[in-house]
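Only one chain is given next, in structure tokens, and it is the form predicted on its own.
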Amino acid sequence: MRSIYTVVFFAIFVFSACHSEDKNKAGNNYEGIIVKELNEGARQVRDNMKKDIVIAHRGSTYWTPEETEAAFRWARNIGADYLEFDIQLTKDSVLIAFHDNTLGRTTNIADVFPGRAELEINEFTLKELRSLDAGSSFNSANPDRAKDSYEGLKILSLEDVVMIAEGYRIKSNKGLPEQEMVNGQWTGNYVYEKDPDDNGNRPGIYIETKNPKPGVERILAEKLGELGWNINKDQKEISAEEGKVNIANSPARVILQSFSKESITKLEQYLPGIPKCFLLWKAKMEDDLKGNYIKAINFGVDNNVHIIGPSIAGEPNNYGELTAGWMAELIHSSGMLIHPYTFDTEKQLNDYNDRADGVFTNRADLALKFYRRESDKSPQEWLIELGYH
């Protein structure tokens, strides 16, 4: 009889364990709605990322013209973990770093191409975009932080940003970017040189598919492979100094992000196994905030997303609150990380410190100080050392 009881007990134990495991896989019940959980493979990718990372949003929008060489060289040297930027596709299928769909806010498009000022970026070739001034508008909008050397800064390509992350800069020839020539014709690309003011930090890159056009995810995968930054292919080893930021040589050297569900699914198709962040915007969720929030998390779990990127409240941006305590609890219950946007004040860093696993910030200097990783030079000193006066 004792052996029969033993067998029965063991069978019940196994059934209970399996049932418990199935329940965990299904997710957590939150007010009658199931919040799904990451599978083991997705958790392994998630664990490649560090905590408390500083993500330099557009390089900086506060100290420099956004998404320019000045912004990314500054963010690299000050010690940001990631250079964050948006990619857009040009008319000739080149990926560039630019936030808006149109060019009027941050360039002199109305002066250079007056009849085309309202067109979207994909109506312009790379060479046309390189003819624009992407720096002077910052000086006009921020006279207290203006610098003569910002005038004439160029729109960058994806490759330009990667080279900056690797410790290079665009070579200057008589004060102008040196053009790459093939058979006597300018390719639209620039020539690079080792940055003499590079301090050895090797950040990763955090790329958003902005206004994604057909084919952008495939082209991104191809270009990252060509540059040696696609971990699914022969990834290059990047020279680095001990004790410096070295995300560029980690399995999480690239993080991908988008507000677009369609783009997220395509990024997973073309770039599997690379960390991904699903960005949230409150205006799209307000008809049923709690229900839509859980749906967004479950979409992420179903599509191998590892991070949710919600907005935070408070000045100066005053975005809708999508990182409240209950929201953070839901995300973390799924196994995903939280990278909220955008931190610009010490108060915001304090308010969300117990919820954020990393921060998008226009003030990498403030975030690094908050995490006790303050640079040995002030933001202004770095700009001067990098040649921006």
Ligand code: G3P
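Numbering starts at 1 and follows the sequence shown. Not measured: the values here are computed from a predicted model.
The form predicted in complex with SN-glycerol-3-phosphate (G3P) is left out here; the points below concern that form.
Contact check for Glu208: a non-hydrogen atom falls within 4.5 Å of SN-glycerol-3-phosphate (G3P) in the model of the complex. When SN-glycerol-3-phosphate (G3P) is considered in the model of the complex, Gln88 lies well away from it, no heavy atom lying within 4.5 Å.
Residue contact check for Trp63: none of its heavy atoms lie within 4.5 Å of SN-glycerol-3-phosphate (G3P) in the model of the complex. Although the partner is absent here, His99 lies within 4.5 Å of SN-glycerol-3-phosphate (G3P) in the model of the complex, judged by heavy atoms. Partner contact region in the model of the complex: 255-263, out of 130-138, 255-263, 230-238, 161-169, criterion any non-hydrogen atom within 4.5 Å of SN-glycerol-3-phosphate (G3P).
When contacts are defined as a non-hydrogen atom within 4.5 Å, none of Trp74, Arg363 and Trp382 contacts SN-glycerol-3-phosphate (G3P) in the model of the complex. For the residues Leu153, Ile121, Ile109, Leu279, the 4.5 Å heavy atom test against SN-glycerol-3-phosphate (G3P) in the model of the complex is passed only by Leu279. For the stretch 49-76, the set of residues having any non-hydrogen atom within 4.5 angstroms of SN-glycerol-3-phosphate (G3P) in the model of the complex comprises His57, Arg58, in sequence order.
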